[in-house]
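In the form predicted on its own, a lone chain appears below as structure tokens.
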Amino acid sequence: MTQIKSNKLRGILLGAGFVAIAAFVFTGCPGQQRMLDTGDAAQKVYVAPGEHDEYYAFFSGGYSGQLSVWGLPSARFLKVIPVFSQDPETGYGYSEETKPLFNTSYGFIPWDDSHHPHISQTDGDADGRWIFINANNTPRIARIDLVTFETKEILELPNTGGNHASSFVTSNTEYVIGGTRFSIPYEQDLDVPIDSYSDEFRGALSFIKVDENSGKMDLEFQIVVPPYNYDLGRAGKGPSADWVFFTTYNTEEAHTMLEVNASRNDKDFIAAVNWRKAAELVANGHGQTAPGEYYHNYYEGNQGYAISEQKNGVTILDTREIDEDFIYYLPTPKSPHGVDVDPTGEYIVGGGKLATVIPVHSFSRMLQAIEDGAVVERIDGIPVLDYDATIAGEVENPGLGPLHTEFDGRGYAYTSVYISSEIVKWSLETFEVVDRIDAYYSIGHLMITGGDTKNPDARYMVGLTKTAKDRYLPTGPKQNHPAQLYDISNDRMELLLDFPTIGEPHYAQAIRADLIKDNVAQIYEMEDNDHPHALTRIADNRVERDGNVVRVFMGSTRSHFRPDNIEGIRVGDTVYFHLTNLEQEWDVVHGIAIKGAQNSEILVAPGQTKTMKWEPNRTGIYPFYCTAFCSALHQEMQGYVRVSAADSDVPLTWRTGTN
């Protein structure tokens, strides 16, 4: 048995207790520390200066609420895409154009916990048009445009507690799915005792229709289901493409001390939903409308402002009230986290956190079980299929705490194992473990390049681990979360690289760079700028007053603002700086910051218009300046605003270029 470092063993002891240790002993040795020769590993990840990586990788930010972009195999950090949290670097969530994206039925919420990105698909393969990601805390789904790498839309999910089983797309991006992690009373704002859980609480599975051309989302329907915790989701492929699958735990319906009370049953469920049949039921009038307030926030046009639409009402299918079967429970051991479908669409793999095996269901056997009526019971109208009728096999000796599985397209699956901190590789033919390797430390999800698609590109695997401990130079009590890059192109997994990440990545997606990079926008074309306060010519710069509202229509070029001297602003005014960057050269960004601003500076890309709101509360002279280094005379790119008393008669004037 490979020796386990003391801090790793300590994590096992603290995280799992003596019962877990006993299980660890009986499940066998952990993976081995195996790394390519240092020179070989360095060569495999080396990307020469000026050269590009083979893959884009998108990592969720967890509690940062953001999405980060990395190049593989170099592990170069490329960008943070702001999504659910404000970003002072770019002004996202502070600028007037982007603030409406954070509107929810609970008010303005400029943060969240983002877990599961998923790239849009065509025929089961990532197509590089959009990437979706969930907000776990205040349930939402965002869509990021992979032409501009900017968030374009955020949709709130009503009657949902913890949108964890999200944001996974069907094989042609017909739908993106979401599921409630924390069951709550489905009736909005219902005030009931917590111990009425089994009677009053329900789960909700959300199906969001995606426009095939624009990507715009629409909450089409929800399925109301028993009050379990719905943990992760995944759509089928090929023969199973009309189905989606959700893991459940807490079939005990516990509402306190879940680490004990929600771990009693030997099996929980994978919920198999025939989404096409469910959509047909809705189209044929079988659904009903339930109250549910939510916000749909999105951009219209090329630029402009984000728009917030407040909506109320959602179409539901309640399993207790629908006679036709369109959802089935597959018993699955034990407290399953991941649910993953192999490239053929035949195998549905559960990741039972407390299971001693990895259960592998067969889609064709599931259909046969439905046809044969192999139903052991019904729960709220949902047929529970016989375990032996659907199971194709069980992977034995997988380690302790299997979580999530992806595939290499060559007949093998790879499963992350949390407590014993390893990755196991096993055969989809024999269901036997053929290789295992250490992860540092406490791995959650893993990601294979294309490993969730019909045609995986089995080059690299990334393990997303939860604790760094001694992996990097220490930076205090909290270390950034690690990621390990593995080579899986040969029979045995080999560790290539270990690098820190941003936030707490839970899941990641990777796509060949050539599917995206040639489509990425370099500038915003000035002739397409439809922002209502844009300047199309710098000569049109001006300042306008309407009562206590002042609008500054400002242009920027290297290396000055127009106007750069403004007088006649008064204490109590609300001033909007509408800054248009009139550059039309790639990556020539201008910013603006002003003394006393209570929000953020903003960055403006070439051809773009953004707005900063400023409310001066003291008289004086206020400098403003460009925050983005743009030329040799960047330091000279500045201006002044004079603020006078509220009852001042100083006229409103603006100018550039005279002393």
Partner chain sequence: MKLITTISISIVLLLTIQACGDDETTDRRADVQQEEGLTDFELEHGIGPITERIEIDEEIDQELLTKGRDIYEMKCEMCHNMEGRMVGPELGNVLDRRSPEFVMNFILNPGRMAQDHPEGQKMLREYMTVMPFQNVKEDEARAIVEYLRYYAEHN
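Numbering follows the first chain given and starts at 1. Just so you know, these numbers come straight off a predicted model, no measurement behind them.
Same protein, other form: the form predicted together with the partner chain, not shown, and the subject of what follows.
Student: Choose one stretch from 595-603, 60-68, 624-632, 610-618: the one whose residues place a heavy atom within 4.5 angstroms of the partner chain in the predicted complex.
Tutor: Going through the listed ranges, the match is 624-632.
Student: Which pick from Asp530, Asp470, Asp380, Glu585 sits with a heavy atom within 4.5 Å of the partner chain in the predicted complex?
Tutor: By the 4.5 Å heavy-atom cutoff, the listed residue in contact is Glu585.
Student: Only one of Asn548, Asn265, Thr536, Gln368 comes within 4.5 Å of the partner chain in the predicted complex by heavy atoms, so just point that one out.
Tutor: So the residue touching the partner chain in the predicted complex, by this definition, is Thr536.
Student: Under a 4.5 Å heavy atom criterion, is Ser556 part of the interface with the partner chain in the predicted complex?
Tutor: Contact with the partner chain, yes.
Student: May I ask you to check whether Lys311 falls inside a 4.5 Å heavy atom distance of the partner chain in the predicted complex?
Tutor: No.
Student: Spell out, yes or no, whether the shortest heavy atom distance between Glu525 and the partner chain in the predicted complex is within 4.5 Å.
Tutor: Glu525: contacts the partner chain in the predicted complex.
Student: Quick check on His560: any heavy atom within 4.5 Å of the partner chain in the predicted complex?
Tutor: Looking in the predicted complex, residue contacts with the partner chain include His560, since a heavy atom lies within 4.5 Å.
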